[in-house]
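Subsequent text provides structure tokens for two forms of one protein chain, presented individually as structure 1 and structure 2.
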Structure 1
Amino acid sequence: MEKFDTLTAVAAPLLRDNIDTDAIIPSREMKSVSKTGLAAGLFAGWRYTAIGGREPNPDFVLNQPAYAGTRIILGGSNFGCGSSREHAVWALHEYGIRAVIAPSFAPIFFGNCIRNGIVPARLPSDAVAALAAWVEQDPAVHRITVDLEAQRVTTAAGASHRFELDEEPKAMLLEGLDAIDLTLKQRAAIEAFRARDRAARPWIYLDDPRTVST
């Protein structure tokens, strides 16, 4: 998984509450079971002028030249609700999104972000609205910084907002670890426990020669 430390980038305001996974990537756009080939379907219902088409809707924020290279989304409450489809996060990541800042997230979507290298930063709605208003003045210049180590969202105008994130998901994002990799950081402790347990209860280990009948 791609590591995340600090990102300063163009942020696109999409301040709609209850943006669900079908809006993020409609089911008709899920033509792959892999993590690739999904970016074109991101926000397809809003991004294009017709269902199934590819003519850009000029009114949609990601199609506007000022937001070229967007890597941060400013969203509304309950972002990522709806289905549990991980494709929604895959599509965001393939498009280039590395952070979503919103007042709240659907729990499954939040976890999917962590497991795919996207920072889900929860900030109060008034803070998100203030960031969006500042960005909209000059999106290419008014970039937002997400500092994962410090757990802060900042701007060149002096705004600074702390977001909360538990230590385990933070470590996964900082070090680029999936859940298995995170567990394997404890390999020495796991192997030491197994050695002690094997000595104490050899009968539960099928590969222990002391358990083989003759």
Structure 2
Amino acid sequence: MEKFDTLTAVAAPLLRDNIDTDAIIPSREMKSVSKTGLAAGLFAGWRYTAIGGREPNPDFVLNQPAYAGTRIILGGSNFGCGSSREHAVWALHEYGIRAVIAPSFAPIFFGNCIRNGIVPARLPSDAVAALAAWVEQDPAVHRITVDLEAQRVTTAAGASHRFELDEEPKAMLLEGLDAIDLTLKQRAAIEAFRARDRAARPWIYLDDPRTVST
């Protein structure tokens, strides 16, 4: 996973609350068993004029020339709710998004961001609204900075907001760590835990469920 340090980029306001993962990447756009090839389907229902079509809807923020090169989304509360599909995060990432700033995130989406190098920054809704208002004055020039080490969202106009992030996910993002590799280093602790647990809760351990007659 790529490392995240500091990002200064065009930010697109999408302040609607409860933007769900089906809006981010509709089911019908997930055409194969794959993590790639998803950027074209990002926000498809809003981005294109017709379902399944590819003609850009000029009203949609990401289609406006001033928002070319957007890498940050300013979102509403409960961002990423709905289906657990990680394709939503893969689609955002493939499109170029590296941070989402919103008052709250759905928990599964939040975790998916961390695993894919996207910073989910929680800021109060008035702060997000103020950032959006400033961006809208001149989107290409009024860029937003996300400083992960300092846990701050800042602007050239002097705005500076701290966001909370637990130390473990922060380290994962900063260092671009692969969680599986990291966890496999704890194999001995995991095996010791299992041995103790197996003695305490034998019924949890099924040898081969394929042989259970149902």
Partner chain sequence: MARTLFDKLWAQHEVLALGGSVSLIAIDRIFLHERTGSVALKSLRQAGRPVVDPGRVFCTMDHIVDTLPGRGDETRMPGGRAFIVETREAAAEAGIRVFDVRDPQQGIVHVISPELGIVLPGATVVCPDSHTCTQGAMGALAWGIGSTEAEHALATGTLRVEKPKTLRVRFEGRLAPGVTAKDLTLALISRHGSVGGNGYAVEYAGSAVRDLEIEARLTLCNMATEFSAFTGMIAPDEKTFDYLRGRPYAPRGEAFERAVAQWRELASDPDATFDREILIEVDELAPMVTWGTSPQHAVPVTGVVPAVQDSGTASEAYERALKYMGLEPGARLGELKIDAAFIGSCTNSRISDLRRAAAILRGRRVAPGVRAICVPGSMTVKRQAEAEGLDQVFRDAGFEWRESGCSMCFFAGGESFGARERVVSSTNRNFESRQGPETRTHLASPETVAASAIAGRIADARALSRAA
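Just so we're on the same page, residue numbers count up from 1 along structure 1's sequence. None of these values were measured; they are calculated from a predicted model. What we label the rigid core is the largest C-alpha set whose atoms superpose within 1.5 Å from one form to the other.
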Practice prompt. Kindly point out the structure, among the two, that is the form predicted on its own.
Written response: 1
Worksheet entry | Pivot point of the rigid parts between structure 1 and structure 2 (hinge, one of Phe193, Leu177, Arg71, Ser160) | Leu177
Worksheet item: Roughly speaking in whole degrees, what is the angle the smaller rigid part turns by between structure 1 and structure 2?
Response: 46
Worksheet item: With the two forms matched on the core, what distance in Å separates the two CA positions of Leu184 between structure 1 and structure 2?
Response: 5.5
